[in-house]
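So this first bit is one chain, no partners, the form predicted alone, shown in structure tokens.
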């Protein structure tokens, strides 16, 4: 299967190790992974903040770059949710029937990492080893837009050496929400406080998730409390082996 990595702006800029881990997991499973250098932002920030027409050129570029591939995988439920759920809306807004057809063809081939592994390829054990006590936060876009369900948990349960601890009220939003955290800072901080208390209750060493945006938000709260709990992207846990 010819697979393309869609790295997303957040990971490319702040968390390149997550992209490397994603490639490592996919290649370990025998996939040929390509990184199209022409890729750019998916346009989610523009679209969600009201600049929907300004996002259309980015939608066109995404389609042009990724439509040759059998599958497109990203370590982000947020950006994949943009492509799968909102690109059809953007194509309608553009009143471009050809773009709408190409989006309809490509969008079902764009996957968040855990759903690609579990739901597309049927893999639940990637041969990972991670000797830590870990809790998992399901991010809103992966949970509610992509409906990845228990796919991340199925993968984590098969990580050797790891103790997986259930997070209380796990489906509650952490309060990040991209520009929501900027526009509604007090509400965002209150939601983060609730999430932090739940993470502390687990007495975990690590909090993981499928989106670094949420992990950055949660990690900031944990660091301010000097809680001694790290945040690590799901891909990096899955990429870990006894040799590393």
Partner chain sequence: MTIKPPDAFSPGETPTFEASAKTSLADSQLRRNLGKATQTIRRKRAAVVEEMPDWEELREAGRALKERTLRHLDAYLLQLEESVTKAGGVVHWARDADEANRIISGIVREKGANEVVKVKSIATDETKLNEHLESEGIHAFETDLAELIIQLAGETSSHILVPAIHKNRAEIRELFLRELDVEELSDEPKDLANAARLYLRKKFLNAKVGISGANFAVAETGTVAVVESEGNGRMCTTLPPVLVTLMGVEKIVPAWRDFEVFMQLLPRSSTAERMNPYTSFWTGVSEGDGPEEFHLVLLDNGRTDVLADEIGRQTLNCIRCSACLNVCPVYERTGGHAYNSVYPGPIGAILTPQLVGIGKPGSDSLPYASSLCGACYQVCPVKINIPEVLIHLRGRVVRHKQDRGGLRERLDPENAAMRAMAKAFSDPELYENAQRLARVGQWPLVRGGKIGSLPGRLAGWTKVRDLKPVPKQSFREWWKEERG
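Numbering follows the first chain given and starts at 1. From a predicted model like this one, the values you see are computed outputs, not experimental measurements.
The same protein also exists as the form predicted together with its partner chain; that form is not shown, yet it is the one meant from here on.
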Exactly one residue in 165, 170, 123, 93 has a non-hydrogen atom within 4.5 Å of its partner chain in the model of the complex; which is it?
93
Hey, in the model of the complex, is residue 29 touching its partner chain, heavy atoms inside 4.5 Å?
no
With a cut-off of 4.5 Å between heavy atoms, is residue 203 one of the residues that contacts its partner chain in the model of the complex?
no
With the cut-off set at 4.5 Å between non-hydrogen atoms, does residue 228 touch its partner chain in the model of the complex?
no
Would you please decide whether residue 216 lies within 4.5 angstroms of its partner chain in the model of the complex, comparing each non-hydrogen atom pair?
yes
Pick from 104 to 112, 156 to 164, 125 to 133, 141 to 149: which stretch has non-hydrogen atoms within 4.5 Å of its partner chain in the model of the complex?
141 to 149
Go through 151 to 189 residue by residue and record those having a heavy atom within 4.5 Å of its partner chain in the model of the complex; state none if no residue qualifies.
169, 172, 173, 176, 177, 179, 180, 181, 182, 183, 184, 185, 186, 187, 188, 189
